[in-house]
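What follows is one chain in structure tokens, specifically the form predicted alone.
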Amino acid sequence: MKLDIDFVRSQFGQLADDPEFVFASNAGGSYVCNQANHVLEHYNHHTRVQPYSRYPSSAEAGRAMDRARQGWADALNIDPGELTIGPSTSINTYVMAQAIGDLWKPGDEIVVTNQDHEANSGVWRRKALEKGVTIRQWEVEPESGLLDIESLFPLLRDNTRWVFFTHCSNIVGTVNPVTEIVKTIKSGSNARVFVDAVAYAPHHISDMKALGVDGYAFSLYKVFGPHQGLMYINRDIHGDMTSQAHYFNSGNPAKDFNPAGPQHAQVAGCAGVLDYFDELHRHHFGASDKNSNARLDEIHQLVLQHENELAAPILDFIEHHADLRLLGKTHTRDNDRAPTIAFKPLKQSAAELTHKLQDAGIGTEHGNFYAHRLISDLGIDPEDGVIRLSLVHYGNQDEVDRILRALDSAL
């Protein structure tokens, strides 16, 4: 079975706005599926009141928010009390740095990488410096930008408190083997593990218990939904962190790690993404009594095959072009290469080539994409940075062909 790309594209109204335009900046924020837009529109037209009161519109508003929370808890295979829905991953990790870091003390150590988006690096580093905690950096390979699990072993010690790394780099695009890495960490230390999945979640929604992580975060506005961040924190460690809520809300797991309070309509709109996934599964597999996470896994197999087919010709073109430097793995054969493709032109600036591509109708960008440390450590000027072509499953082969023609012409 293959992904029905025509059905997929019919679920995203924005794709019809300009058929000649190729949107290739999905890693910065995806199009919103029709289902999420429907929930948002209904909420704002009919239930835009304070939720959870007894009168009808307020009660309906509360039910819409609860549907989103329960639905995403089911999708992630967690308890609703382990889910925080906040404004973005950057805000969520900032809040968690305060919650986690309050208990750090001199002599403790943490491990961070230079592969991550700054949202899963800078917040922990700042808190460690503030508390006198030693920071150890898990370094990427200097040419590819990839992480080698063997180089993690020497960094783990008895006093390692947390390890922070990414499920998939928003630059090199290769999926890190989270389950294997977590087992390595847990076998070599008592450290806990927090994973940034912002660049991975658009391609697959994972089972938290299967991964074995203690914390996990991603941004739903990059997963076809509203501007919200979803964050899992294992309930077993809630008591080891400081609540960031108002004192009278302390101990409420839905509020402990979201001091801003919920954005009502946006929270409700999160359910629309799951509605889309349900329709996608039903279209391909028919009615099913499987649980949410099992259905998402079945969808993932179709998406993975399709996204591999999108990425492969672009990777091949860039790898074999003498005027381009490709970052990350050069192929999709291992099924661990997201179609987030970053490269550096060697005979013109990234800005110059990006502008040529944009003039040809390709929606791409250049820069460091908030992975400033990674770009710098790969020997690239972080101000000009790299060009990033980031696709998701609603892309098609015609768009890939147009990207390749535009690249060939621009070079």
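Remember, predicted model here, so these are calculated numbers, not experimental data. In case it trips you up, residue 1 is the first one in the sequence shown, and so on.
Absent from the display: the form predicted in complex with a small molecule. The rest refers to it.
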Interface residue in the predicted bound form among Val213, Ala268, Val198, Val172, criterion: non-hydrogen atom within 4.5 angstroms of the small molecule: Val198
Select from the listed residues Asn252, Thr330, Ser88, Gln137 the one whose heavy atoms reach within 4.5 Å of the small molecule in the predicted bound form. Ser88
Do Lys222 and the small molecule share at least one heavy atom pair within 4.5 Å in the predicted bound form? yes
Taking 4.5 angstroms as the cut-off for heavy atoms, does Ile185 touch the small molecule in the predicted bound form? no
Would Val112 sit within 4.5 Å of the small molecule in the predicted bound form, counting heavy atoms only? no
Within 4.5 Å, heavy atoms only: does Ala119 come near the small molecule in the predicted bound form? yes
In contact with the small molecule in the predicted bound form (heavy atoms, 4.5 Å), from 148-156, 128-136, 190-198, 316-324, is stretch 190-198
